[in-house]
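One chain is shown next in structure tokens, namely the form predicted on its own.
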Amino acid sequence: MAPVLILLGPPGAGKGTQARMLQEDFGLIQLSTGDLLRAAVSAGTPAGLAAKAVMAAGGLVSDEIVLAILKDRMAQPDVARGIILDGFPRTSGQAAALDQLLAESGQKITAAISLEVDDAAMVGRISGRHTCASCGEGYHDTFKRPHTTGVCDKCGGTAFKRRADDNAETVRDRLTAYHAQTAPLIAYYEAKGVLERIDAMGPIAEIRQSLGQIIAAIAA
């Protein structure tokens, strides 16, 4: 059975960066909720159209719509080697709904990997990050600079962008929200016996290696 992985961790823990590396290393497909929503809206799928209507009205896309979009994506052949969920689930209710969705196709969560970080350090980590405007590759002023200043390592682009909410005050608010809403998922998956913990304060390469060991053990 193809692995279904979840990356847990607060904003700035490196979930997106590590998910892309797992794609490269193991052929797993990263499924980011935001990317899936945008793709479904662009493609005009029934679930995408429903999401578009909600967003146009200024509302929040319901769990039912997100799950419908996720179900559509998981039916595509490129996910046969396994998936990494990035940004979903965010609550215990979403986790239970996801379990039900997976059970319908005989699947289940293989591992929920918690990237453990220090809140205080997250403020500096997030406020220094930026991405390539062309391909979305992530960088940081201190921890991950392009090999050639001003040039993206991945696509050669020269335009970079920063999120407007990547500032200290907003980061603290987002961390508070994470601990209130998403951190209980750690207990949820621990009770199911599928939780793995990784110290995510070290170098990116070390975190990548630790994740690789977990995936290799799952595949063995």
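Take the two forms, find the largest set of C-alpha atoms that superpose within 1.5 Å, and that set is the rigid core. Since the structure is predicted, the reported quantities are computational estimates derived from the model, not experimental observations. Position 1 is the first residue in the sequence shown; the rest follow in order.
Absent from the display: the form predicted together with BIS(adenosine)-5'-pentaphosphate. The rest refers to it.
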property: In the predicted bound form, segment of 88-96, 71-79, 103-111, 146-154 with a heavy atom within 4.5 Å of BIS(adenosine)-5'-pentaphosphate; result: 88-96
property: Within 4.5 Å of BIS(adenosine)-5'-pentaphosphate in the predicted bound form, all of 66, 129 and 200 (non-hydrogen atom); result: yes
property: Non-hydrogen atom contact residue 17 with BIS(adenosine)-5'-pentaphosphate in the predicted bound form at 4.5 angstroms; result: yes
property: Non-hydrogen atom contact residue 192 with BIS(adenosine)-5'-pentaphosphate in the predicted bound form at 4.5 angstroms; result: no
property: Any non-hydrogen atom of residue 27 within 4.5 angstroms of BIS(adenosine)-5'-pentaphosphate in the predicted bound form; result: no
property: Exercise: residue 60 in contact with BIS(adenosine)-5'-pentaphosphate in the predicted bound form, heavy atom 4.5 Å; result: yes
property: Neighbours of BIS(adenosine)-5'-pentaphosphate in the predicted bound form among 9-34 [non-hydrogen atom within 4.5 angstroms]; result: 10, 11, 12, 13, 14, 15, 16, 17, 33, 34
property: Large Cα move at residue 55 between this form and the one not shown, threshold 2 Å, rigid core; result: yes
property: Threshold 2 Å Cα movement between this form and the one not shown for residue 154, core superposed; result: no
property: Core-superposed C-alpha of residue 175 shifting 2 Å or more between this form and the one not shown; result: no
property: Residue pair residue 47, residue 109 - Cα distance in the predicted bound form, closer or farther (3 Å or more); result: farther
